[in-house]
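Quick heads-up: it's one chain on its own, the form predicted alone, in structure tokens.
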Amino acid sequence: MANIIDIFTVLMMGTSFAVFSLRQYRHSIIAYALQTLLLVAIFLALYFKYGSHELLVWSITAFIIKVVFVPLYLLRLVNKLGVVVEDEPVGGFFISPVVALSFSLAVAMMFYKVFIHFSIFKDVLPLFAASFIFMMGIFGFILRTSFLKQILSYCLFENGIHLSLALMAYTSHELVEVGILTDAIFAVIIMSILAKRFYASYGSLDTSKAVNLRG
């Protein structure tokens, strides 16, 4: 079972890089949906390994909200705005993924050593992957100027936290899961509304064009 979880977490790392790097919004959203499906599969694998009822509830609620609702909501936003491809980010389409990948790997190598001291699940690779996905979300905020990419970066960031919580405290009460998912839904909806208003004002999702907001 540990090997399956290792494989799923490596695939989650790959999909986080795809969400960050892919230029077409639709492809990034599909990559996010695949990543979250892998997260649900890890919840189920941990449920079968440890028999923790909480993880079964986590997997059901995460599937409905994060695999189905959030991707469909973002695809609807993309269709409504009529946007297809992201504007060129800070450092260009080649440099920014390389920077994000390099620094995320470096920071994850430091973080997982801390996580493992507090984790119930002692396998190194999943804890490393949780740190990596979390950092890819952080670098998405820093390096991507597209409003929609920043929403997806938040989703990556949130998936990293979700994975680390499942590994470190999988016996947490179901209300913890409900709280995380509620935050995620409201954050995505609020940011999507802001993205629509931004696009209506600037004719683009590139936040670097809002030069009149600079102090």
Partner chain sequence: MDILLLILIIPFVFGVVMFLMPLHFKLLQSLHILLSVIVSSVLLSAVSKIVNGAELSLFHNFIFLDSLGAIFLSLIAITGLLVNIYATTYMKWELEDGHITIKEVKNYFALSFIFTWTMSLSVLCNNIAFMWAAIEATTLASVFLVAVKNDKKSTESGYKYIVLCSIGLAFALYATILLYSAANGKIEGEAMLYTNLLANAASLDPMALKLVFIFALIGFGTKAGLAPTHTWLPDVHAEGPAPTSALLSGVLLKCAMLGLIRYYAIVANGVGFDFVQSVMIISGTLTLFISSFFLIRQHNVKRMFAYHSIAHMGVIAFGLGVGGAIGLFAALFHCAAHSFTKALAFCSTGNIAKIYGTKDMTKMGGMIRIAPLTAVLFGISICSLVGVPGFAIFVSEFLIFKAAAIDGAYLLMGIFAVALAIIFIADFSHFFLATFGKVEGTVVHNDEMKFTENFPLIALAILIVAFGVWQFDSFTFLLDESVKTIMKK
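No experiment lies behind these values; they were computed from the predicted model shown. Numbering follows the first chain given and starts at 1.
Keep in mind that the form predicted together with its partner chain is not shown, yet the notes after this line are about it.
Q: Check, residue by residue, if Met168, Val176 and Phe186 all come within 4.5 Å of its partner chain in the predicted complex, counting heavy atoms only.
A: Yes: each residue has a heavy atom within 4.5 Å of the partner.
Q | Contact flag, Ile7 vs its partner chain in the predicted complex, heavy atom cut 4.5 Å | A | No, Ile7 is distant from the partner.
**Q.** 4.5 angstroms heavy atom contact with its partner chain in the predicted complex for Phe157
**A.** Heavy-atom contact with its partner chain at 4.5 Å: present for Phe157.
Q. Applying a 4.5 Å heavy atom distance criterion, does Met191 contact its partner chain in the predicted complex?
A. Yes - in the predicted complex, heavy atoms of Met191 and its partner chain come within 4.5 Å of each other.
Q) Would Ile161 sit within 4.5 Å of its partner chain in the predicted complex, counting heavy atoms only? A) Looking in the predicted complex, residue contacts with its partner chain include Ile161, since a heavy atom lies within 4.5 Å.
Q: Choose from 146-154, 65-73, 29-37, 43-51 the stretch whose residues reach within 4.5 Å of its partner chain in the predicted complex, heavy atoms counted.
A: Going by heavy atoms within 4.5 Å, the stretch is 146-154.
Q: Residue by residue through 108-137, tell me which have a non-hydrogen atom within 4.5 angstroms of its partner chain in the predicted complex.
A: Counting only heavy atoms within 4.5 Å of its partner chain in the predicted complex, the contacting residues of 108-137 are Phe111, Val114, Phe115, His117, Phe118, Ile120, Ala130, Ser131, Phe134.
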